[in-house]
Ligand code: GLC
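Next up: just one chain, as structure tokens, the form predicted on its own.
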Amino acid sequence: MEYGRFVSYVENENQIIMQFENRQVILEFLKEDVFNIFVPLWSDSHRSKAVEEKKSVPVRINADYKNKELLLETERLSVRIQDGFYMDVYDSRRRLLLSDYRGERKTGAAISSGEMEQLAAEGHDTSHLQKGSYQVQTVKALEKEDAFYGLGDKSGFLNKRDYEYENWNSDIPQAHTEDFHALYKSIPFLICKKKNGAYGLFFDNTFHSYLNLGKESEAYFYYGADDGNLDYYFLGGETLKDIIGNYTWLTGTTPLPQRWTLGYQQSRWGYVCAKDIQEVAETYRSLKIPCDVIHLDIDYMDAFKVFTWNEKDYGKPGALFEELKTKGYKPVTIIDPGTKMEPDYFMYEEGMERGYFATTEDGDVYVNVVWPGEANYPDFGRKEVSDWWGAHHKFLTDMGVCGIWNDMNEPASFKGPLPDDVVFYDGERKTNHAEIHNVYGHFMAKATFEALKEQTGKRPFVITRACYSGTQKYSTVWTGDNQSLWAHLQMTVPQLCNLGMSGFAFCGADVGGFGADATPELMCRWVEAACFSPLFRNHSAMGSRRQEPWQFGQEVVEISRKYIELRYRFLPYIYDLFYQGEKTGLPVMRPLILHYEDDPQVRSLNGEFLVGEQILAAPVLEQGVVKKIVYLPEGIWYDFWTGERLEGGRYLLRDAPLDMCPIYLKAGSLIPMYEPMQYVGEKPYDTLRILSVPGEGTYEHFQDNGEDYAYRKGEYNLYRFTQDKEGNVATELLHENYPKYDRIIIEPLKDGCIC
């Protein structure tokens, strides 16, 4: 991408339109510390799916060209641009944040062509060895101290430095390792923490794209894409929290969910009849293990046909859900996009008659194979198709379904991948699979969200496997088909932390692992680690060991009950974090780097995390380990279980027998808690307990009906609790428009938790 010499520039409100010898570049400030770079290589407009409305505020820009350099300044950033479109970005303190690399990429293959052929002949994947330049590309200078975060739930560790990744939504059933370049989601948002300062980059291009974060060379990192425009955003901020706030201001925040969605959820691909589900539901209640949700996988459908019911194995439509409802359960059903080709099947007939399915270049309806056999793919990019698809959810919501689980929407296929030239539409514009692939799941999630909102009047609960940046506005996500492996338990913490930093506050991983066989020890440690994950769902695959707690014996039942009850105690705190996050974009589950970014000890800390700012969890993630090395950041912390006061800024060795997940509370914390129930709504939440940790502190607690959008019309209470040095807690009601608690009880943390 040769730009040539700088020729001229024109100011147009927030835009600086630059003309180089070979290309035009548009730099647009959206805020004082956020700007977009747009190089129209493929189209004249952004065509963004993540940024769905115009985002900008008036910005005062000082522009000056002298000494062969264009200088652009706002109150928070300075941007210097030279010939060849080499750009350097500085913060308000004149610290260099981002610099274009001035050298050449090392694009030559690391091995000979003969070695490449030999590897291919033995069945090895050699695609990652092809390191040529891309049609769309930008290369940035790299400094030794730079650390990278974000990119959603890419496999591996928290710090993405020295790894390479691809954005191409992929259904990969094999056990995921740190070397996997792509998984189910494409979230091309990257945060760079420098020695001094930080910034974010959002590369808004839906084509197959690539990020190499220092693996190719210690001198640079690069972004490349197979097609599309060079269209990316620079996101500044004084802190990492500011950068996440700017990114979610741009692409949207995770909305406040219904309260019951934060309860424990049970799922399995392998509940093949109503009796299976009834037995699971009854056993949870008889063992007094709280549970709110039971998921129905593909077997509830008639021959895996979407929006149908398997009456033979599941009984009369709606009867099972009525029974579950009497026990407090909320059913969630899976829906796949692949629509069975079968004459007289209403979805197939309607889709064919109206032309709603993707086609080949020749105009024939495209056919591949998924669970129902030969199937077609709805073209969700067209409004009429998404509306049609959404309307059919009424069949499920009328039966009592409370949430929808979107799966296989990469889109997945059994008979080879969809070719790039399969015809899809973006609105009225004809395009192809190469462009739409990474946003297919996004379109499906949005269609489902809008349908559930209209049909139920409540906050929709949608779960999706595949998505793109911005899908957080419409759907919860999980990390896909993980395995019952210790390595996958270990990977869960950085995956969920990076998802949270990428805008997806409502996220989780299959507790216990989806594939393979969990052991009793692994099951215990996974429940302990997932107790604080936003989505708390146990899920496993047909052919693997069942993972309900009682399948592993009495000890696992007792430990599971202990931590699931703990989750229900902490529900108001987690719910508060979602309420706050809807405004700030901050996640529930956070890596320590988010709040202690100048502490070098936490830059690559994979084995512990924060829940909000006030709780630190350090679960055991290794087999056979009964002592946990815990790093406490600066400040004073208290052991949740014992009440012990601890100085931070150091490592400590904590006893951690099988029933122990080390948990610490920050000094001055005020944690709202409820009495545990068997499910949300079993009894009124008429009593609030505040767990008071020694030290001065302030906390705001949100209270509403937990279901619909009345809070957006002001129907809620907002309390402020303030604690002084002596431990006295004062209560203020900042906003009152909802029935108040009957009692608010202050519970000091003295000799341990109140559990």
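Quick caveat: nothing in here was measured; it's all calculated off a predicted structure. Note that residue numbering begins at 1 and tracks the sequence as displayed.
What comes next is about the form predicted in complex with this ligand, which does not appear here.
Peer 1: Under a 4.5 Å heavy atom criterion, is W269 part of the interface with this ligand in the predicted complex?
Peer 2: So W269 counts as contacting this ligand.
Peer 1: Evaluate Y468 for contact with this ligand in the predicted complex, applying a 4.5 angstroms cut-off between non-hydrogen atoms, and reply yes or no.
Peer 2: Output for Y468 is no: heavy atoms all beyond 4.5 Å of this ligand.
Peer 1: Looking at the partner-bound form in the predicted complex, is H488 within 4.5 Å of this ligand by any heavy atom?
Peer 2: H488: no, not in contact with this ligand in the predicted complex.
Peer 1: Hey, in the predicted complex, does K666 get a heavy atom within 4.5 angstroms of this ligand?
Peer 2: Although this ligand is absent here, K666 would stay clear of it in the predicted complex, with no heavy atoms inside 4.5 Å.
Peer 1: When you measure heavy atoms, are Y101, D162 and F221 every one within 4.5 angstroms of this ligand in the predicted complex?
Peer 2: Contact check failed for every one of Y101, D162 and F221.
Peer 1: Any idea which of 438 to 446, 202 to 210, 354 to 362, 407 to 415 reaches within 4.5 Å of this ligand in the predicted complex, heavy atoms considered?
Peer 2: The contacting stretch here is 407 to 415.
Peer 1: Just give me the single entry in D302, E521, E166, D297 that has a non-hydrogen atom within 4.5 angstroms of this ligand in the predicted complex.
Peer 2: For this set of options, the contacting one is D297.
Peer 1: Of these, E450, D481, E565, E548, which has a heavy atom no more than 4.5 Å from this ligand in the predicted complex?
Peer 2: Result of the distance check: D481.
Peer 1: Which residues, if any, of 369 to 384 lie within 4.5 Å of this ligand in the predicted complex when only heavy atoms count?
Peer 2: The stretch 369 to 384, when checked against this ligand in the predicted complex, contributes only W371 at the 4.5 Å heavy-atom cut-off.
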